[in-house]
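In the block that follows, a single chain appears as structure tokens, in the form predicted on its own.
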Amino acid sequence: MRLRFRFAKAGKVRWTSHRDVARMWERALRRVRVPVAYSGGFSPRPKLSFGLALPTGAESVAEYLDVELDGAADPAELAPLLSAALPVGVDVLGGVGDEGGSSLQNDVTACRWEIEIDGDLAPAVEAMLAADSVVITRQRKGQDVTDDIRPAIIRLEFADGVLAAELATQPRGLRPSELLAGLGFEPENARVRRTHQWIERDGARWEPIPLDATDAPLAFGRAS
């Protein structure tokens, strides 16, 4: 049996690395005594599979974790127990049973981001959307590579100090910091929040676990 959880990461814990978040989850699952399945071999590991990694420093109400079980459990009952066992700022927003299959990293085709910015990006956004190509230099495996990021920008709008962007994750994901670089804005001066991870197939689009991010308990300005 496999369970899938959707969780938020906000406030000071947003500076925690992806690896440390994985350790937090391992400890929480042990505390709640979830019957997690383990790999074999000399160093057994819990069978956990996270969705797309969140950039360090970004917040999110759309993070995902798949947990393989060696037994049965009710995700609805586990969600509040796991939230209580996790650090402040990491909250379980929902859970479902899942039959398994391909990984979220392969399934997710786009992410939606909200980026708080102190400044007016409207002219730069208008110019980017009108451009046939937007070429930036970014690192790949330690090497500088020149890429056209325009095909990865699905939707983009700026209003009331917030840049809302839907960015493709395949064949290679476009990071919010790279989008801001293409707009000529310094990424360190922005606050980033992921609100959705989308799966699109045969003209249909859905989230792994639907949730209206605007109603989620952690939003900009709600955690420090």
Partner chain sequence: MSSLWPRIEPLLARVQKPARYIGCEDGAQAPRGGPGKVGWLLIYPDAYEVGLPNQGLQILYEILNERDHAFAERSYAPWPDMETLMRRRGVPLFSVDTHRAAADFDLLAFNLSAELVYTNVLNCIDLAGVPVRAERRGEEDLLVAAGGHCAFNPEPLADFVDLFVMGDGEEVVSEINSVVLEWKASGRTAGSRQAVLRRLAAVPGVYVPSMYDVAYDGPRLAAVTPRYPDVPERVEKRTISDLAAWPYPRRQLVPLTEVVHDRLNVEVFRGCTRGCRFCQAGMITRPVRERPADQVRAMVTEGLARTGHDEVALTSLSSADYSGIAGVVTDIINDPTCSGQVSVSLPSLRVDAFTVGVASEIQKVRRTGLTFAPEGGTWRMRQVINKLIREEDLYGAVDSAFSQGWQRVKLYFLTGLPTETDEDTLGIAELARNCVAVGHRYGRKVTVAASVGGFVPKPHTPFQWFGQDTVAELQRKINLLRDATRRDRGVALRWHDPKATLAEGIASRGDRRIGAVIEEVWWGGGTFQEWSEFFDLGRWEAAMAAHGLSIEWYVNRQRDEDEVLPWDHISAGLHRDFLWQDWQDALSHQGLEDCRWTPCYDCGACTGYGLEHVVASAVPPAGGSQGTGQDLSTGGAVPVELLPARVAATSAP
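Residue numbers count along the first chain shown, from 1. Just so you know, these numbers come straight off a predicted model, no measurement behind them. What we label the rigid core is the largest C-alpha set whose atoms superpose within 1.5 Å from one form to the other.
Quick note: we don't show the form predicted together with its partner chain, though the next part is all about it.
For Thr56, a non-hydrogen atom is located within 4.5 Å of its partner chain in the predicted complex, even though that partner is not displayed. Interface membership of Lys47, defined by any non-hydrogen atom within 4.5 Å of its partner chain in the predicted complex, is ruled out. Within this chain, Trp15 lines the site of its partner chain in the predicted complex, having a heavy atom no more than 4.5 Å away. Heavy atoms of Arg155 never reach within 4.5 Å of its partner chain in the predicted complex, leaving it off the interface. When contacts are defined as a non-hydrogen atom within 4.5 Å, none of Gln170, Arg175 and Trp206 contacts its partner chain in the predicted complex. Judged by heavy atoms within 4.5 Å of its partner chain in the predicted complex, the contact stretch among the candidates 28 to 36, 159 to 167, 60 to 68, 175 to 183 is 28 to 36. Although its partner chain is not shown here, in the predicted complex the stretch 65 to 88 places heavy atoms of just one residue, Pro87, within 4.5 Å of it.
Superposed on the core, the two forms barely differ at Gln170: its CA moves less than 2 Å between this form and the one not shown. Superposition of the core reveals a Cα shift of less than 2 Å for Thr56 between this form and the one not shown.
Comparing the forms between this form and the one not shown, the C-alpha position of Glu188 differs by 2 angstroms or more, with the core used for superposition. Shown here is a form in which the CA atoms of Asn189 and Asp20 lie at least 3 Å farther apart than they do in the predicted complex.
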